[in-house]
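Okay, so here's just one chain, in structure tokens, the form predicted on its own.
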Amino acid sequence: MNKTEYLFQPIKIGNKVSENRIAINAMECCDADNEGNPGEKTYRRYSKHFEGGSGVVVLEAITVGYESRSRKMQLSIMPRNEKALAKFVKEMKSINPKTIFLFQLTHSGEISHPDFSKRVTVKPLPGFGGELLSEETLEKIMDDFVTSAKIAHAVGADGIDMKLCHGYLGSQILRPYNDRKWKFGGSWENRTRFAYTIYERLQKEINDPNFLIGSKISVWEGFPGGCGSAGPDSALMDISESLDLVKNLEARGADYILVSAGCPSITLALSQPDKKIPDDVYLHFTFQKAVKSVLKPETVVIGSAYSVLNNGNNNLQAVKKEEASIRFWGNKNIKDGVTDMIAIGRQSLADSSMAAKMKENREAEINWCTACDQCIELLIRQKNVGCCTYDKEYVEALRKIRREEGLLKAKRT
């Protein structure tokens, strides 16, 4: 490691210090038990994350209410889960107490799966929809977010990520598409009421300066009426609301903003650039810089979408291979003030120890993500998720699913 390498310089987040500038993104893996508690595979996966040397680990989307969720075996953070989560955090912290552990709190709203939960909506989106949320019900969900944040604090998490991205309820409310005439729709003041009220309550009700609060946001979702669009039916990009959002989250105590884009159920390749069109990673860089430019220096910006870069073995054109990697762009973007940290998602499934191996100049030993997105296929199928390139268990699991599906299709025909 070069002593001046930006990726491995410490950084202060709120009153805590991350040992380096690499974070592990929230990656849903559908391996909780029937009560939403961490299962055996959850323990195994996060143990590797805590051994792997990243400065920050974000716990995958953990639902504040089991009634409406997108994954059947999704982690849950309700009073019934408190004891199990305390045990989980204690074990992870025993592996590496210096790693900052954040819980990503979520509610799925209209991308809740109707086969096993209730799909609810702020305004029916074509192809989704669900039962229309009342103001009373949404205020109860706000209570659930606050309760869950208190549980995260009580069980020893270092902070929370209030999820405002990727098509989950937080972003559904923020969209210009939400022009419904109700307390939480129409005007920007109304559409931000959900997020701002929860932030304000967390500052008062938890009131711990050492407990980190932040949000992952989709600066631009990439479809008409989505976050970052010019109006409820406009496909034009206008990120002024997204920038106003992060400034006001900062004013209400946000220690960090995790910058993303897209909505995986609609614009998957935007939210996580794929190997066919990796160039969308440059859009992410642009959004990271835009967010950083409106925030105070002490508010940490974490940029995502870096996995597609791997060791430069990607389809980016008009750049040298050695200038197309995670290491190159991570260091460059931190040096140039584009972002303060980088986050890896799919790469963390391929190899949780990327940070440690990079620091020790053992890059030849890293299992680099190929952006094949077969892990996403497992997620869509509601199966346990892992790397289908390097982990034999998940390679075989996907093969078995496909074989069985092929046999079923053959019988039907």
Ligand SMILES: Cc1cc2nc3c(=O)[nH]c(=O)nc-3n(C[C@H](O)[C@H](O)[C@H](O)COP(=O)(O)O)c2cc1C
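Numbers for residues come from their place in the sequence shown, where the first is 1. Owing to the predicted nature of the structure, the values given are computational and were not obtained by experimental measurement.
Although it is not shown, the form predicted in complex with the ligand is what the next lines describe.
- Although the partner is absent here, Gly53 is not a contact residue: none of its heavy atoms lies within 4.5 angstroms of the ligand in the model of the complex.
- Cys375 belongs to the set of residues with a heavy atom inside 4.5 Å of the ligand in the model of the complex.
- Ser260 belongs to the set of residues with a heavy atom inside 4.5 Å of the ligand in the model of the complex.
- Interface membership of Arg191, defined by any non-hydrogen atom within 4.5 Å of the ligand in the model of the complex, is ruled out.
- Remark: of stretches 81 to 89, 111 to 119, 164 to 172, 311 to 319, the one touching the ligand in the model of the complex is 164 to 172 (heavy atom within 4.5 Å).
- Heavy atoms of no residue among Asn20, His49 and Ile100 are located within 4.5 Å of the ligand in the model of the complex.
- A heavy atom within 4.5 Å of the ligand in the model of the complex is found for exactly one of Asn333, Asn178, Ser271, Ser148: Ser271.
- Proximity to the ligand in the model of the complex, defined as a heavy atom within 4.5 Å, singles out one entry of Val301, Val219, Ala343, Ala152, which is Ala343.
- Shown without its partner, the chain has Asn25, Ala26, Met27, Glu28 in segment 25 to 47 as residues with a non-hydrogen atom within 4.5 angstroms of the ligand in the model of the complex.
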